[in-house]
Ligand SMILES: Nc1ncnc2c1ncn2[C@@H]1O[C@H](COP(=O)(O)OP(=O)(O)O)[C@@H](O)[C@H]1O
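The chain that follows stands alone, in the form predicted alone, written as structure tokens.
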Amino acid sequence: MSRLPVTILHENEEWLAPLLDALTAADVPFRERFIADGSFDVLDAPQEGIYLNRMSASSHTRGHTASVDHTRQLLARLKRHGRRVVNGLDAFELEMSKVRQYQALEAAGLRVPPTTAVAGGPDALVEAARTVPTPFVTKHNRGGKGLGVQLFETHDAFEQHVRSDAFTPSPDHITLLQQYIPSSDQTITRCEFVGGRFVYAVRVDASDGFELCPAEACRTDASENGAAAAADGERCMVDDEDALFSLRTDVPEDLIARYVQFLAVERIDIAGIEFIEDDEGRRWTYDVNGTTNYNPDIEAAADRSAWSAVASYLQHEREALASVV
């Protein structure tokens, strides 16, 4: 199988190290393809092998404004030529649009917060917001890192915000206005899946906001937390007494089963799915993240490595491909 390496499509080196370590430990050959600027022969057939799509919806925040559209064309080319792509074009399009996510989740019978999609500038947003009960949150349709997520208690506060320089539009120019679902304990839960199998769930403290990053690249000492968070635009893991992440072991099995079925229908191989529980015990699913990252402390607590699961899954896909070529 030496001629069937895994090609990793990505735009963020900082998120890559633990994946490469896992692939190396599992003896899975790989090559990287950094997707920012560049070119490709439109009519030439792509290389054989397995492809792993790690393109992030937040790539524009790192100056890679062309990466999403570039990746969209590459994935379409790979699909046309019958290449096996883990988190391929269907999964990618779902991740790049929360509108599509919510429609797919609702079709799967999962509870989703009522959401209005608004295309346009401040006037269109203010007009649409008047039909949305308060409090509500805003989101970028093409999100990532919790970008654009902000709580508004009144319509006047929202209007003041969108007419100010503080307002940042979504890169696809679609802003979401979503019913605010207060958490019973100010936490959210993220369930990790690899290859259609549940790995573990993480409880995340969301009491200080929604820009939450589980990756080791976001970790820092408590004394450095403020500066690092401001630089990265993400909250980071600190000392245990202030830990944002903890292992959760009581997620209902029927919910996990429904997520597994949802991922299969939508052709998503690897994802973190987030939900929130309200005071009445109802669970609202609001995010599907295909470029999920994993926290090393959670992995130690779970005694399971999601990165190792990813490596094993990619090895399995290589073996399956090798048996038919």
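Quantities reported herein were computed from a predicted structural model and do not represent experimental measurements. Quick note: we count residues from 1 along the sequence shown, nothing fancier.
Although not depicted, the form predicted in complex with the named molecule is the subject of the following passage.
A.B. asks: Under a 4.5 angstroms heavy atom criterion, identify the one residue in Q160, Q103, S246, Q179 near the named molecule in the predicted bound form.
C.D. replies: None of the others qualify; the residue that does is Q179.
A.B. asks: Find the only residue in L125, V199, A206, L110 having a heavy atom within 4.5 Å of the named molecule in the predicted bound form.
C.D. replies: Comparing distances to the named molecule in the predicted bound form, the residue within 4.5 Å is A206.
A.B. asks: In the predicted bound form, which of the stretches 161-169, 83-91, 141-149, 117-125 has residues with heavy atoms within 4.5 Å of the named molecule?
C.D. replies: Selected stretch: 141-149.
A.B. asks: Any chance L75 has a heavy atom within 4.5 Å of the named molecule in the predicted bound form?
C.D. replies: No - in the predicted bound form, heavy atoms of L75 and the named molecule never come within 4.5 Å of each other.
A.B. asks: Quick check on E274: any heavy atom within 4.5 Å of the named molecule in the predicted bound form?
C.D. replies: Flag for E274 set to yes.
A.B. asks: Using a 4.5 Å heavy atom cut-off, state whether F262 contacts the named molecule in the predicted bound form.
C.D. replies: Taking the distances in the predicted bound form, the answer for F262 is no, it never comes within 4.5 Å of the named molecule.
A.B. asks: Is there a non-hydrogen atom of Y51 within 4.5 angstroms of a non-hydrogen atom of the named molecule in the predicted bound form?
C.D. replies: The answer is no: Y51 has no heavy atom within 4.5 Å of the named molecule.
A.B. asks: Check each residue of 115-138 against the named molecule in the predicted bound form and list those with a heavy atom within 4.5 Å, in sequence order.
C.D. replies: Residue within 4.5 Å: V137 only.
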